[in-house]
Ligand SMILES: Nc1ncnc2c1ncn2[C@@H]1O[C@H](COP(=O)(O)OP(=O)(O)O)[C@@H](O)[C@H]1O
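Let's start with one chain on its own, the form predicted on its own, as structure tokens.
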Amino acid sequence: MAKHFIGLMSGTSADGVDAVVARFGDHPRLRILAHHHEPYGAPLRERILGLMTPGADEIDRMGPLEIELAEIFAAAANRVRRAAGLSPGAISAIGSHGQTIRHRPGGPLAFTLQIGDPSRIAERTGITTIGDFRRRDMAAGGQGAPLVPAFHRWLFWDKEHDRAIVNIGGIANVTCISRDPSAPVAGFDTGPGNALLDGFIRRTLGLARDEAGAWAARGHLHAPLLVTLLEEPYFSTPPPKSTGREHFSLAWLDERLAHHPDVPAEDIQATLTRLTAATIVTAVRETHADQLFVCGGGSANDSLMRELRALFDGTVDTTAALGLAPDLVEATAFAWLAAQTLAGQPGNLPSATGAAHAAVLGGIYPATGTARP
């Protein structure tokens, strides 16, 4: 039986689809055969980000965008499969996270919504596709996120160190893995990752992102503003917890900037960089981790990495030091989650999501055997 899986991931930064072909086995446990990034154009990204904020005609805006994204996801899957030199029949399944456009994990009617129709991906690729991973965890009483801690434990556990794996996308999440294999794994969203950094530079300078944190490096920390930002109740809420762009938005930032009207823009960016680093390190420090490994887009932000190294009392590196490139971790996680689902094995960790029990995640959309162009 084939052991090759494709993982597809588009995170809260909404900058494109990451695709990997992964082989899971015993020796080595993981082998990446190919990877591909399918970027979104600026107009498409703006439409995605627009759907993350409540507004008018959301269903009519969402419907066509879901189909458009599914076509992009399928194209990414086909390209990465061809790059690996494999036929559709050699792939056991595709694990597609989809694009989150709303995540409301609190209250009696909590819900989450990811778009990028898995049925269409299965049709376009001729490969069984597994999607809609989050909602089964929510049905079991969980937050529906984060879902990558089980994969982090499987791949990154170490018998000598307590490790924190930090994914910094639009939202930052952390997985804390004790050297004691019987200890529960902690995993939760710490707060904003790149969301405020990207949003503020886009509004101020018209740039998609702060490349390497260069703009933040020109500014200085504004301590009173940081104090105001850290008063946000989410940061002191105990886990399990998860959040999204609909919470940590530019509107959220503007409410707090109103109390500090004369802060230079580059100082705001520097302070937002410290906010991301400080909330990550505070969360990790409580778990007694002595190593911190970063993945996701934030790993390429030199200013943010400097802040993490200044604040954390242990090793800070990227997951490349553990053998997996930081921009491939999440896509590989969803390839692994697809393998778990096909094997009838749980993919969530109740200690991370707060679910009442471990659950097999996602819906299975079987291949027809022939890809439709």
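Predicted model only: the values in this text are computed from it and were never measured. Sequential numbering from 1, following the sequence displayed.
Omitted from view is the form predicted in complex with the named molecule, to which the following refers.
Colleague: Using the partner position in the predicted bound form, report whether N301 sits within 4.5 Å of the named molecule, counting heavy atoms only.
Modeller: N301 belongs to the contact set for the named molecule.
Colleague: Are any of the heavy atoms in E246 no more than 4.5 Å from a heavy atom of the named molecule in the predicted bound form?
Modeller: Because no heavy atom of E246 falls inside 4.5 Å of the named molecule in the predicted bound form, the answer is no.
Colleague: Under a 4.5 Å heavy atom criterion, is A14 part of the interface with the named molecule in the predicted bound form?
Modeller: Yes, contact at 4.5 Å.
Colleague: Would I168 count as touching the named molecule in the predicted bound form under a 4.5 Å heavy atom rule?
Modeller: Yes, I168 lies within 4.5 Å of the named molecule in the predicted bound form.
Colleague: Pick from P240, G213, P105, G126: which has a non-hydrogen atom within 4.5 Å of the named molecule in the predicted bound form?
Modeller: Contact residue from the list: G213.
Colleague: Would you kindly say which of R209, H222, R120, R136 lies with a heavy atom within 4.5 Å of the named molecule in the predicted bound form?
Modeller: Of the candidates R209, H222, R120, R136, R209 is the one lying within 4.5 Å of the named molecule in the predicted bound form.
Colleague: Go through 291-299, 182-190, 276-284, 140-148 and give me the stretch that gets within 4.5 Å of the named molecule in the predicted bound form, heavy atoms only.
Modeller: Correct option: 291-299.
Colleague: Can you name the residues of 193-209 that have a heavy atom within 4.5 Å of the named molecule in the predicted bound form?
Modeller: Residues within 4.5 Å: N194, D198, R209.
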